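Okay, so here's just one chain, in structure tokens, the form predicted alone.
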Amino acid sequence: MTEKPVQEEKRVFMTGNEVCAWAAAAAQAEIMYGYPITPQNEIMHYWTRLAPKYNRDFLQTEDELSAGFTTAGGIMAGKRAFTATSGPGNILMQEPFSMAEAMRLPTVAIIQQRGGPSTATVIYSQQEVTMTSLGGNGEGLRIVYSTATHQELFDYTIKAFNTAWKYRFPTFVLADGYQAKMRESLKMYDPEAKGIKMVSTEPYVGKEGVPGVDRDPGHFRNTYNVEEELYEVLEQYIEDYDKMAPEVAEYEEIGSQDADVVVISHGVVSRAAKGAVQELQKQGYKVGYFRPITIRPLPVNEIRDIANSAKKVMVVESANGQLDRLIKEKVYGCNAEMIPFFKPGVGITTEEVESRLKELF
């Protein structure tokens, strides 16, 4: 079977992990490299069901370290490759992700967050924000989409491949165990039918012609002999990243420009924050809602505008301030008082956010 996995728009009802597999297939992904870990396992399971039907491939490696490096190898061969992991697997993959950052490899990874540290729980958290956004050794030159719904899982998994191959930085879809396991309705579609042109891939190695004669030789490095050499390379990478950031940064907001209190949240928690804000707005409270969809890079100008116009900014997250730290770095010197609402490793409800906001008023 060689036809497209999704040929026409249709409404479906499925788990988040299943959505990710279908989205990767719709994005013309050619191969997934992976290793089992909860709660992302079903991405692998559904992909292995789809792969034989649509001439795609899958390789289960001996561990997550290998999965990350084989993904990098597939990309260097010109394949539209991806991987997925969670928790301890995300930790192990930081070395290959850092290498991808050093070599400007357009890796795509789906992260289904679980509670930490170490093995901890296999259920849910927002405790992989720092690790996914900033990574291991390096400067964290990455793109991280934080999804809130199954529709966004589909949309941004497709978008991640285009962003990665266009800008050549590692790109992540950051979700969580709740999104991975729960079922929700969404519309699946063929990107081309929506006018989304997929950025083409190309091999880094094995190109036709004689290097130095028919074409420039390839020189792909992640090791440097002296500090100055590394410094020159990083200066160019950082310049490229800073130029790209305003083009990539995305956000969602409701009434944040003229609010006394603005709630900032991301991912699945933003659903609770959004519901609370909408309810309190109906009751006449001057409260706003802001969600960074890209938590790396953040929509800096919009966040600073809020922090200068609102009296208070309440950051709501299922971690002990991992998003909060990223926000505070960008709003340093702004006027608003920063209010924490942290529940590490535990879900947050609309009622809890609403109650806390009423206390602030």
Partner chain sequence: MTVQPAMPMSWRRETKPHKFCPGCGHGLVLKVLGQAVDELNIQDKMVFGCDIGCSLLAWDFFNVDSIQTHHGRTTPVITGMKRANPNLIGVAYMGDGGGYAIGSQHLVSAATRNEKITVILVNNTQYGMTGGQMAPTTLPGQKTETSPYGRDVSKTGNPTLGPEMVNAITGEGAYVARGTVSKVNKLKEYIKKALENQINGNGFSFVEVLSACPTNWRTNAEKTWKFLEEEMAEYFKVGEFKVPGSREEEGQSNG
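Positions refer to the first chain, counted from 1. Remember, predicted model here, so these are calculated numbers, not experimental data.
From this point on, the text means the form predicted together with its partner chain, which you will not see here.
Taking its partner chain as it sits in the predicted bound form, is Tyr54 in contact with it (heavy atom to heavy atom, 4.5 Å or less)?
Contact with its partner chain, no.
When the contact criterion is heavy atoms within 4.5 Å, does Asn308 count as touching its partner chain in the predicted bound form?
The answer is no: Asn308 has no heavy atom within 4.5 Å of its partner chain.
Does Ser118 make contact with its partner chain in the predicted bound form, using a 4.5 Å heavy atom cut-off?
Contact with its partner chain, yes.
Partner contact for Gln60 in the predicted bound form: its partner chain, 4.5 angstroms, heavy atom:
Heavy-atom contact with its partner chain at 4.5 Å: present for Gln60.
If you check Ile327, Ala319, Val313, Met44 against its partner chain in the predicted bound form, which one has a heavy atom within 4.5 Å?
Here the answer is residue option Met44.
Among the candidates Thr70, Gln28, Thr294, Thr48, the residue which, in the predicted bound form, approaches its partner chain to within 4.5 Å (heavy atoms)
By the 4.5 Å heavy-atom cutoff, the listed residue in contact is Thr48.
Among 294 to 302, 30 to 38, 332 to 340, 319 to 327, mark the stretch whose residues have heavy atoms within 4.5 Å of its partner chain in the predicted bound form.
Result of the contact check: 30 to 38.
Sequence-ordered residues of 67 to 84 touching its partner chain in the predicted bound form, heavy atom within 4.5 Å:
If the 4.5 Å heavy-atom criterion is applied to its partner chain in the predicted bound form, 67 to 84 yields nothing.
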